[in-house]
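To begin, one chain is listed below as structure tokens, in the form predicted alone.
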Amino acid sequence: MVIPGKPQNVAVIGAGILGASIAWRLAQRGIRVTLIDKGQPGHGASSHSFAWINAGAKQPIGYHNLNRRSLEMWRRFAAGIGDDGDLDSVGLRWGGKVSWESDPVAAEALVARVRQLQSWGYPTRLVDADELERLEPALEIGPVAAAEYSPNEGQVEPQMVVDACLRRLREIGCEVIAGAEVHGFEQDDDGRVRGLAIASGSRDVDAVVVAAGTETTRLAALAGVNVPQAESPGVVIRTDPLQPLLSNVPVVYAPPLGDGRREIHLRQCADGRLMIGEGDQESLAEDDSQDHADDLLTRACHYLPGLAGARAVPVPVGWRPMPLDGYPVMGFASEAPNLYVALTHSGVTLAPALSQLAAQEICDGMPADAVLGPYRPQRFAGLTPDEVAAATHPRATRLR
């Protein structure tokens, strides 16, 4: 059965974790998909992501619930794209996240966050120092004023997810085009996109998905669609590969050392390398020097002594997708009715849910307004400069 109005030929622009996931979902629905990326798939913002699957850091409750829905979809999603359903083939690992505070004021804030999340039904809880040590014996935790454990959280490897999606797409005959920049769209009088231009020529399409991370703003503008972003630079480092260090809990947030520098977070990747960052997941940072990498590693060694002797490998600063108000942009654009925008900062956590919802809206023509209603691209239409400034996400204050 062919659903009336269902597009048969869809181009997905952007092969990061969100774009690749949407392409796979569409292909599962019988769509002929062409996935296009200006670089190498997965080598953009997805390659810099800390890749922590969580809903605990997300507010308000509607956005929290969207992230929680997606978190709970990850196991089934990974089995669908993994090799023979193997979760290890995408680096999916559960076990939760621990964090603690040594400063009494920061501890009060942590306790308040835990109590709020518990009131929302989220399975996080306060733990004492003894339980924290039992949860992850590899850590040297030091003074503990308050600590929490969120057992339902986990991690995944974005590049492995992208690669798995590409394998599934190619198995069913979909085309993946890397190193191809989209230069423009051919549109009808009503704004509908009928073709797109890349270096190799024009491509006819029934619909387009723009899921190109930081490039989404430029690409959408080519079709007359306003999707403003704020600049959100971030820095993480990696170590050289090591034997497994964290035996139980894969994601760790440790407090500042009291010297004016920020807290650190770390996780061990599937290939044995550790990923280390500072601040929270939206902290702005541009220092990708070797000195800064060495400093982060030294601070991490304070809490994880098994890192002694590891080598810090700096990673070039990554520019993260950051919609202007910090929340996802999902849906068809009024100015180009068959152009679907898919943009979010939390691509790793949200990929399973947003890709499923996008495929439903594109294939079935049924808007998921009860879930995605607050996140439509139309909320940015006609913003004045003052309104743009007022809407800017507080942790990402420089506009694109």
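Note that residue numbering follows the sequence shown and begins at 1. This is a predicted model, so every value here is computed, not measured.
We do not show the form predicted together with a small molecule, though everything after this point is about it.
Out of the listed residues Ser70, Thr344, Thr34, Asn338, Thr344 is the one that sits within 4.5 Å of the small molecule in the predicted complex by at least one heavy atom.
Exactly one listed residue, out of Glu157, Glu215, Glu136, Glu148, brings a non-hydrogen atom to within 4.5 Å of the small molecule in the predicted complex: Glu215. Between 289-297, 168-176, 76-84, 206-214, the stretch whose residues reach within 4.5 angstroms of the small molecule in the predicted complex through a non-hydrogen atom is 206-214.
Heavy atoms of Lys97 never reach within 4.5 Å of the small molecule in the predicted complex, leaving it off the interface. At a distance threshold of 4.5 angstroms between non-hydrogen atoms, Ala129 is out of contact with the small molecule in the predicted complex.
The closest non-hydrogen atom of Trp52 lies within 4.5 Å of the small molecule in the predicted complex.
For the chain shown alone, Ser355 is not a contact residue for the small molecule in the predicted complex, no non-hydrogen atom being within 4.5 angstroms.
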